[in-house]
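Given as structure tokens, the chain that follows is alone and in the form predicted alone.
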């Protein structure tokens, strides 16, 4: 019994440390060639400075804090990681001022994942608190799908918090319980594609960070992501939005290919890598980087067979949020496992620059359309509020590109299209921004 405890204590003590072997055949390039921050343009810097000044001038104004926090978050996710602390500062202050803003709570909770995937537990308690504000007192078994996704991410914060308090066995138990819950939910609902994507990401993450059961977790992850690949068009539209998430497909499919390689399933890995070598529109830096690494994998595919060093899969292990959202920023390479030396400067090419939103107020005719046709679902307490709230001008402008696409496609409102005149008022204003 004592030996058993010692063995499990050793396993748990190693949990989530993120140890990864270095490539055996190459010397790692200097750190500056593996990681760098995206620079702001003068226009972008001025835009953020105006919002920050407004928030600083009115520290008790939840709307001003939220507007500054969401804008800084957006650019952090686009690759200006040096803005993360300012984004967190404003979002945290806004949530303390308005605990009923569930969209804000959900956004902040997910934003903390940037730290969580890097095994940084410094904001774990805050992440748990943000999700508590979003979820309220609903029981796990009673959660809707989007609530359970939030719960899963809150559990990651809980696991990191337990680890940092020295309760490593409890952290391991919490990870196992979450895996079992994800398995049960996905088995019960094969049509909930976002949940399958979440389950796959957790399996890959735990495969790289829990020493025991690695290959079993990789098999689970490959199963989840194979299902996701077959039904990609059913993934939530926001996760496939080319404006907000231009690289989600490439990120997830690269993870799937890495999983196949880890399991020695080269016939399954090869066509995915081959697909990723061709960069799709819009052309972004993360897509170029993934294409470059996919080509390196193909050149050395036999040598990668069975390599557990591929877990957890780059780039999600260091840039989970940035890699999906970024246009011109680099995803760091400091955890990338390669058999050939690779630096950021190897990955050159033109990219599409993500536009900078302008600060505007919403004119009364547009606000009237929003209040009549959108806010029944997107206002506070509405069914769609956790995905997008239009209560403030800043929140509406944040989602403007997605509104144009979904209204034009007749997808929103979901029950029936907007009346022609209402659609004209809304789309004419959004298109003129």
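Since the structure is predicted, the reported quantities are computational estimates derived from the model, not experimental observations. Numbering follows the first chain given and starts at 1. Throughout, rigid core stands for the largest set of C-alpha atoms superposing within 1.5 Å between the two forms.
Not pictured, yet referred to below: the form predicted in complex with a small molecule.
In the predicted bound form, the small molecule sits beyond 4.5 Å of every heavy atom of residue 196. Residue contact check for residue 383: one or more of its heavy atoms lie within 4.5 Å of the small molecule in the predicted bound form. Among residues of the shown chain, residue 367 is not one whose heavy atoms approach the small molecule to within 4.5 Å in the predicted bound form. In the predicted bound form, no heavy atom of residue 264 sits within 4.5 Å of the small molecule. A single residue from the set 282, 363, 238, 173 has any heavy atom within 4.5 angstroms of the small molecule in the predicted bound form; that residue is 238.
For the options 335, 155, 288, 248, the one in contact with the small molecule in the predicted bound form, meaning a heavy atom within 4.5 Å, is 248. Residues 110, 373 and 405 are all found to lie within 4.5 Å of the small molecule in the predicted bound form, as judged by heavy atom distances.
The stretch that touches the small molecule in the predicted bound form, counting heavy atoms within 4.5 Å, is 99-107, out of 165-173, 216-224, 99-107, 184-192. Put the two forms on the same core and the Cα of residue 56 is off by less than 2 Å between this form and the one not shown. When two forms of a protein are overlaid on their rigid core, residues whose CA moves 2 Å or more are considered shifted, and residue 374 is one of them between this form and the one not shown. Figure legend: C-alpha atoms of residue 374 and residue 54, shown here, are separated by at least 3 angstroms less in the predicted bound form. A shift of at least 3 angstroms pushes the Cα atoms of residue 103 and residue 418 further from each other in the predicted bound form than in the displayed structure.
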